[in-house]
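We've got the same protein chain twice here, in two forms, each standing alone as structure tokens: structure 1 and structure 2.
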Structure 1
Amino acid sequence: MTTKNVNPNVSVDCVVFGFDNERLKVLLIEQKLSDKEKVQLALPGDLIVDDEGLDEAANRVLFEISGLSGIFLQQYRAFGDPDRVSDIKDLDWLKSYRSNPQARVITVAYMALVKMEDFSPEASSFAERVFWQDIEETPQLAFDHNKILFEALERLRDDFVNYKTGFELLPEKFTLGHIQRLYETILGKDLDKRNFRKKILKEKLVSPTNQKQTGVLHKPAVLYKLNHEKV
């Protein structure tokens, strides 16, 4: 916790999606309820402090809870139902660290997508544990966090449908199959290999290197690299 005044009415929550070349996951935290044995799962999030911007708050909170930094967090909307924090078990936990747990909290939701291998979350602050959860098996989360997560996923897919994002999630050298698997994972459906390749290559965002995969148990694929970003 910081020493600055927290703003008791506004929080940020971060939906950090992670891709491991295989599955789509989301960063969750586990926190102990005050009295009981029970634990609570939630998205990383906390109240903002008075002199920081929302974007700044999102980055700080994510860092304080999970140790992750340098992630581009994109705001996608605010949630503010007066009863979004209403569940008994939620309140029970809230009481343990907030002075006025009844007050309604507006939360501003942020979203990011990262390569899992680049980040090793480590729990701190009030988080007992931080971990990557497979998106297909999302458990019940605290407050309205399931809703916040669901809308983040919708937004993420929207960003992918025009086929121009996501390359930054791949290793430095990658195959076209890797990109396709990424798209199939995010969009949740299969894509035609030939059509996909045509489309990706037409975008001119990647170029072939003169290297190939090694040590794979099939025909080795040509490795591609990302072209220099245009600012």
Structure 2
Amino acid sequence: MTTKNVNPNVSVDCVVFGFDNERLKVLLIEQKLSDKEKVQLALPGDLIVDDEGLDEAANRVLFEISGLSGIFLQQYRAFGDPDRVSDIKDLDWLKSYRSNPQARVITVAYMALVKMEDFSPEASSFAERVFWQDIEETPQLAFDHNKILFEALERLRDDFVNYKTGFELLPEKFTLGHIQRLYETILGKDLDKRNFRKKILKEKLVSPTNQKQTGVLHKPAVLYKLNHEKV
């Protein structure tokens, strides 16, 4: 946590999505609590500093808590419910880390899409640990972070359908099975394998490489790459 003068009423929270070729993930932190028997999970976030902009604050906070940097963070919504930080489950952490734990806090939420293979999160500041959590198994989070995450997921789904945003989650080379799983995990529904592959190839969203999978127990599949002129 920064030692500069912080604004007690404005914070930033970061929803960082990843994809492991099977499931959509979100970056979470485990907050340090005075009672070591308790665990409080949250999105990476913190108060802004008085002399910094919101984008600058989001990048700083994400780096200070998780060690991640060089990520494009997009602001997507603000959350200002008067009671968003007054739940009894959050009091222990607030009293330990906020000089004014009763202050009303409006948070500006950011989201990012990353290739998990390119980043190695490391916990610091008030984060006991930082880890990737399956979206489908998201537990109860601190404050209103479940709502913030839900809104980010809805935004991701809309942008994925309308603007093809989301392919950034794929590794540089992938199979048709991997891209189908990306579609399914973002949209939240199963897709017919044959019809999906015909559609993807017809739209020329991907191009085959001259490589196949290695180190797999099944028949190696052809690897593809994004056709950036289409995506």
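Between two forms, the rigid core is defined as the largest C-alpha subset superposing within 1.5 Å. Every value quoted in this text rests on a predicted model; they were computed, and no experiment measured them. For numbering, take structure 1's sequence and count from 1.
Of the two copies shown, the second one, structure 2, is the form predicted on its own. Where the chain switches from one rigid part to the other between structure 1 and structure 2, the hinge residue selected from T165, E56, V130, Q75 is T165.
Superposition of the larger rigid part on its C-alpha atoms leaves the smaller part rotated by 17 degrees between structure 1 and structure 2.
On the core-superposed pair, the CA position of Q180 changes by 3.9 Å between structure 1 and structure 2. Summarising the core-aligned comparison between structure 1 and structure 2, the C-alpha atom of V222 is found to shift 5.4 Å.
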